[in-house]
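Just the one chain here, laid out as structure tokens, in the form predicted alone.
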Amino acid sequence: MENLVLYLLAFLVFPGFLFTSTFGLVVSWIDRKVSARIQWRVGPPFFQPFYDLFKLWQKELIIPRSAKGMAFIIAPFIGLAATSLLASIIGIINLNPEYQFVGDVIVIVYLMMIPPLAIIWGGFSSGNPLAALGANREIKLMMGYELPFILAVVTVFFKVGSISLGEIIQYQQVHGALLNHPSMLVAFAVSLLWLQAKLGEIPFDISEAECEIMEGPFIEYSGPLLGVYKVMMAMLHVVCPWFLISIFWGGTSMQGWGILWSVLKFVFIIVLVIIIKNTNPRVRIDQAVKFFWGWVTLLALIAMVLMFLGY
């Protein structure tokens, strides 16, 4: 019973839903603020993302007549639940690398596929052709970026000799961060490109494309349900970089100067995502898939070859 309470607290409070969603909204403010500075604007106040979410929760929820009611409503919550579970698993293992379960990194990679699938499900259940087009693009984009990312993660498996996130973190505590090796730097670069697409940031925001298909899968969502999707995306901006830090950069620490170093690593990745977002035009879906299945997959294979050569 006591363990069940602890697991619930980890899922709902820290490091799960409450902590990650709050931190995610702060990250969304950093995104908007840095983007504004790049464009020579002032940017929003610190609490603006919280104000926006609060306004969404107050607005009326409209369900289109053409929508498949239950699927339309459930899809955002499935994505949110998967993201909260991801935050809990990654956070707990970073706090205590001794904690592990069979194939935990494989479970994490699997869970990371659920949020985009929830977006796809919600888009197709909306009954709107633009939403269906956006969902279709999301499927193709997902098929593109997952292949090189899985190759990059498998390269880490072979380097460490384990598929356990805790053991990967412990390996780096003893031997230093994996980024000290050229092969891992290449794999990390592949993962950063995956991150850009996973978060739906420019140049890979093809499924939403506000100027073309008006938010795509989200076009029919409003009020609280749209708010759930917004929270889910904010949480992914925390969870996905956290995972990359865990497998490539020694994980995070909650003690002493380790806290500051962990925050700096996280901020570095987020600012890099923001800079790429603000300095590149959107690409077409066919260009994105060719890019990931071509050059990015080639980079992932180069990383694996370098790793087997001992670099």
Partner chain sequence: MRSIIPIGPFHPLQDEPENFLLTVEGETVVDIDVNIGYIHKGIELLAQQKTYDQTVFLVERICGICSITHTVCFCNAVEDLLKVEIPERAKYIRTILGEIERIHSHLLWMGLAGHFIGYNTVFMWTWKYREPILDMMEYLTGNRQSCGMLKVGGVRRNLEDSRFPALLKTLSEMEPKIKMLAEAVQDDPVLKARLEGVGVLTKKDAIDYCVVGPTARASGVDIDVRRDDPYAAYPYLDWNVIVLNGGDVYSKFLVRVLEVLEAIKILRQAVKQIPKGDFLLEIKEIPPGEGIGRYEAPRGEDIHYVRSNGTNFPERLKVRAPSFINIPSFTASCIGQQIADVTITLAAVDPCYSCTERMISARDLSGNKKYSQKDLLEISHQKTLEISRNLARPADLPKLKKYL
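Numbering follows the first chain given and starts at 1. What you are looking at is a predicted structure, and each value in this text was computed from that prediction instead of being measured.
One more form of this protein exists, namely the form predicted in complex with the partner chain; it is left out here, but the text below deals with it.
Engineer: Can you tell me whether Glu98 touches the partner chain? I mean in the predicted bound form, with a 4.5 angstroms heavy atom cut-off.
Structural biologist: Output for Glu98 is no: heavy atoms all beyond 4.5 Å of the partner chain.
Engineer: Decide whether Gly176 counts as a contact residue for the partner chain in the predicted bound form under a heavy atom distance cut-off of 4.5 Å.
Structural biologist: No, Gly176 stays farther than 4.5 Å from the partner chain in the predicted bound form.
Engineer: Whether Gly256 contacts the partner chain in the predicted bound form should be assessed with a 4.5 Å heavy atom distance threshold; does it?
Structural biologist: Close contact is absent here: in the predicted bound form, Gly256 is far from the partner chain, nothing within 4.5 Å, heavy atoms only.
Engineer: Give a yes or no for Pro182: in the predicted bound form, does one of its heavy atoms lie within 4.5 Å of a heavy atom belonging to the partner chain?
Structural biologist: So Pro182 does not count as contacting the partner chain.
Engineer: Which residue, Arg137, His237, Lys198, Lys230, has a heavy atom that falls within 4.5 Å of the partner chain in the predicted bound form?
Structural biologist: After the contact test, the surviving option is Arg137.
Engineer: Report the stretch among 38-46, 24-32, 263-271, 60-68 that approaches the partner chain in the predicted bound form to within 4.5 Å, counting heavy atoms only.
Structural biologist: After filtering at 4.5 Å, what remains is 38-46.
Engineer: Taking the partner chain in the predicted bound form, would Leu130, Ile202 and Val283 all count as contacting it (heavy atom within 4.5 Å)?
Structural biologist: Heavy-atom distance to the partner chain in the predicted bound form: all three under 4.5 Å.
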